[in-house]
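Heads up, the chain below is alone and in the form predicted alone; it's given as structure tokens.
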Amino acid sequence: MDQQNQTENNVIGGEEINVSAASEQTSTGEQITHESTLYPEPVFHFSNFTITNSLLNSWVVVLLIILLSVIIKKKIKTIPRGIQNYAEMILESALNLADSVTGDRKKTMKIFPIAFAIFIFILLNNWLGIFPGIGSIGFVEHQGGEAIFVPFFRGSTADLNTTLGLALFAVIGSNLFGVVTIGFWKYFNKFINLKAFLEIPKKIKKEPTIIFVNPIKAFVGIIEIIGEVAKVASLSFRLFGNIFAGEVLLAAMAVIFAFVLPIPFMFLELIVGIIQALIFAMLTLVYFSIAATSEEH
């Protein structure tokens, strides 16, 4: 038992164990294994509530965002200086990019805070997942006579639960935004186009072709419902697949040669993290912008 505790303390304290590899032998002769899994690993339990390493990572990111927000708020000056100048330049460029999607600064100001917050959250999660040393902090648990290393932190965007939650937030949020912006009846008719059928008796004398055109409009609305479900799958699997594949790639490179070889791939994953966060945020912006447009337009 003492030997087991000593092994666990050595791992937590930073003993050289390559957790990327399939297995590693400690100085005590114990074989410790760790593999990249598709599912997050539990690290704490509160009654029936399980806290996984990806959830813990998300909480750390949220805490970082809150702290940064408080610090930035205190340091904002009416006349910008230093870093604030660059921050305002980046923010203005982001607003202009959002304007190119929405076509209206007023609409942008309604949607941008949500899209930008999603971008920051995903970006920090992407980067924290590949931050050197984060994945080597953890503990060893014994299952069936086998010692398994469990890291305390795992990039939460490499967990399908997180990306699915973000995708549901983006899609459901865009639909609610559409209802609030253009009204329930108009938005409802985007999907179940009762208005198209109600127009047939009124316009059939002037436009006989309406009897063929409007049922097609109603059918297109049903396709839109399928499209909303597809958005959830597309957003969640794209982000999860890219980030998880990147972490597996870095782990594989570390197994081959742990000192120099992973560095170029780490820089590549930093860029991928920015791109994936930007894609998710831009698609969210597009979905909100489309939802705020009437069916006629």
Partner chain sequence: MDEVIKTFHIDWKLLIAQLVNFGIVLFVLWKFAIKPLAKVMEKRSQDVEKSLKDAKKIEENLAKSEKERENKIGQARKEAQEIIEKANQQGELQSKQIVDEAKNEVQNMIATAKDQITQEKQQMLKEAKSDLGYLVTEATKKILEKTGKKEVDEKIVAESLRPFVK
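Positions refer to the first chain, counted from 1. These numbers come from a predicted model, not from an experiment.
As for the form predicted together with its partner chain, it is not shown, yet the points below apply to it.
Colleague: With heavy atoms only and a cut-off of 4.5 Å, decide whether residue 55 touches its partner chain in the predicted bound form.
Modeller: Yes, residue 55 lies within 4.5 Å of its partner chain in the predicted bound form.
Colleague: Is residue 262 close enough to touch its partner chain in the predicted bound form, meaning at least one heavy atom pair within 4.5 Å?
Modeller: No, no contact at 4.5 Å.
Colleague: Would you classify residue 153 as touching its partner chain in the predicted bound form, given a 4.5 Å non-hydrogen atom cut-off?
Modeller: Contact with its partner chain, no.
Colleague: Applying a 4.5 Å heavy atom distance criterion, does residue 191 contact its partner chain in the predicted bound form?
Modeller: Heavy-atom contact with its partner chain at 4.5 Å: absent for residue 191.
Colleague: Using a 4.5 Å cut on heavy atoms, which of 176, 91, 222, 211 is close to its partner chain in the predicted bound form?
Modeller: When its partner chain is considered in the predicted bound form, the option within 4.5 Å is 91.
Colleague: Please tell me which of 227, 215, 183, 80 lies within 4.5 Å of its partner chain in the predicted bound form, judged by heavy atoms.
Modeller: In short, 80.
Colleague: Is it the case in the predicted bound form that 50, 65 and 76 each bring at least one heavy atom within 4.5 Å of its partner chain?
Modeller: Every listed residue reaches its partner chain in the predicted bound form, so yes.
Colleague: Which residues in 231 to 246 have a heavy atom within 4.5 Å of its partner chain in the predicted bound form?
Modeller: Result: 237, 240.
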